[in-house]
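Read the single chain below, which is given as structure tokens and is the form predicted on its own.
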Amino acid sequence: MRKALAVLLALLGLTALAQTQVRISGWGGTDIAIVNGLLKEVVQPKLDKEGIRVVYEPIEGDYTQWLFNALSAGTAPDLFYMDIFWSESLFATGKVEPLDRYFSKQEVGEFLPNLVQAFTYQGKLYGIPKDFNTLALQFNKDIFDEAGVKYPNQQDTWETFEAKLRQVQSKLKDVAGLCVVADFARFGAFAFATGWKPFDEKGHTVLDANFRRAFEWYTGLVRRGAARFAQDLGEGWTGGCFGGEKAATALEGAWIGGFLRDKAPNMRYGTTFLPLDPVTKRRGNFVFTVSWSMNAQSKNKEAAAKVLKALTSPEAQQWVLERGLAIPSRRALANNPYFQRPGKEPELNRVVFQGSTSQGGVNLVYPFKFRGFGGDWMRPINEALQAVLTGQKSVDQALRDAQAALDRLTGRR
């Protein structure tokens, strides 16, 4: 009996030794419960038969700094989250493994093209998008009903949308139509709608007439009685104003769903697309996304690739979607029954998903990244928005100063 037990234990030990461990990391907070659930219910069962054990190491605190340091020190995990915002500065280091040899063109083609392009650098694919967000317009139905104003809809242009905001703000004195923020992460979508691009063919940024037209409209909303500056309402983002019923609308992604679930669970809100530029008749948008990427120094690249595929599989994305946690990055999930369910959150997620698509063959949806400049690129524009919204500078002066700063940054002059 002892001999049989010893043999069994030996076999179990060999099995354990035969397992390949793949370390993965992302940020902490609420993500920990999500990833643990995903691993337990979907990912690990698929990998057990492959002899692969996933070891999850969430990071609290400054994740970006930790990852850069870990990659430099040679202690980084095999797979890790990569935010599109700072991705190019990491791609340029050579510390991220190109994924082209692990994924066929057909496999890559199953993901939304905008997202794949967002993680493509100098012709190579460096990340598989795990999910994404775009901007949408949320509106409080009770506030619009009380003001007797029609709800915003997808036919609205900047002009008709603004007219609705002015009506709400004039009839309900204690409610702003919209609270605006001095942040390119919101304003930029309107600049894109004009056809303006962040970089020209030489890699320079030119704040041209199209940019100015969007800038004047956005910053003029407060002066024209359609919006209030978020800081004047004691808030730092449009979702905060909206959740506190200080504003009738918000410009946020699907992340606002969880916030409103906690902050204002009984709010009757709807979601529609961002308003159209009245000149181009198009709307712009951002893609905010995070990938799973691979450590170029990983000693388990083949196993890591299998884990990466399991983490971004249709089953994994369906699991995440049905819990209302994120928007899937696979094309095939566009017609998922979840999006057709009645209710404010499925509607919010559906509009956010559809916000990633181009219009009429013209792509005005850009990933939230600015080459290797990161936040340095946005700073002059954000400062210009702040200066005009607070009355410190005229539009002319603010844009001159911003252009000069961007010229120095991009080497235009």
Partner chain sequence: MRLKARTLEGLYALFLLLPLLFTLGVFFLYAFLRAVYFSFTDYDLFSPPRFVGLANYLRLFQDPLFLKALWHTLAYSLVVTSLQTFLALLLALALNQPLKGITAFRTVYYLPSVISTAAASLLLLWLFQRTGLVNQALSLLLAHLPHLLALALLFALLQGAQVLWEKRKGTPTSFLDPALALLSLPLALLGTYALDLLGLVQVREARVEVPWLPTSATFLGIPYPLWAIILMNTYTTIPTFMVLFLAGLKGIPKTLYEAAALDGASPWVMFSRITVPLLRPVLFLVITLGLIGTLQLFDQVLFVGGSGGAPLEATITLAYYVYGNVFPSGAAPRVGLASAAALFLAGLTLLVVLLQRRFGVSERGWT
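This is a predicted model, so every value here is computed, not measured. Residue numbers count along the first chain shown, from 1.
The following text describes the form predicted in complex with its partner chain, which does not appear among the structures shown.
Within this chain, Leu90 lines the site of its partner chain in the predicted bound form, having a heavy atom no more than 4.5 Å away. Its partner chain is not drawn, but in the predicted bound form it has a heavy atom within 4.5 Å of Phe85. Within this chain, Phe68 lines the site of its partner chain in the predicted bound form, having a heavy atom no more than 4.5 Å away. When contacts are judged by a 4.5 Å heavy atom cut-off, Glu60 does not count as touching its partner chain in the predicted bound form. None of Gln44, Gln386, Asn363, Gln354 but one reaches within 4.5 angstroms of its partner chain in the predicted bound form through a heavy atom, and that residue is Gln386. Lys95 is the sole member of Lys171, Lys95, Arg268, Lys246 with a non-hydrogen atom lying within 4.5 angstroms of its partner chain in the predicted bound form. The candidate spot formed by Ser72, Gly372 and Arg379 is fully in contact with its partner chain in the predicted bound form: every one of the three has a heavy atom within 4.5 Å.
Figure note: of the listed segments 190-198, 229-237, 129-137, 287-295, the one touching its partner chain in the predicted bound form, with heavy atoms no more than 4.5 Å away, is 229-237.
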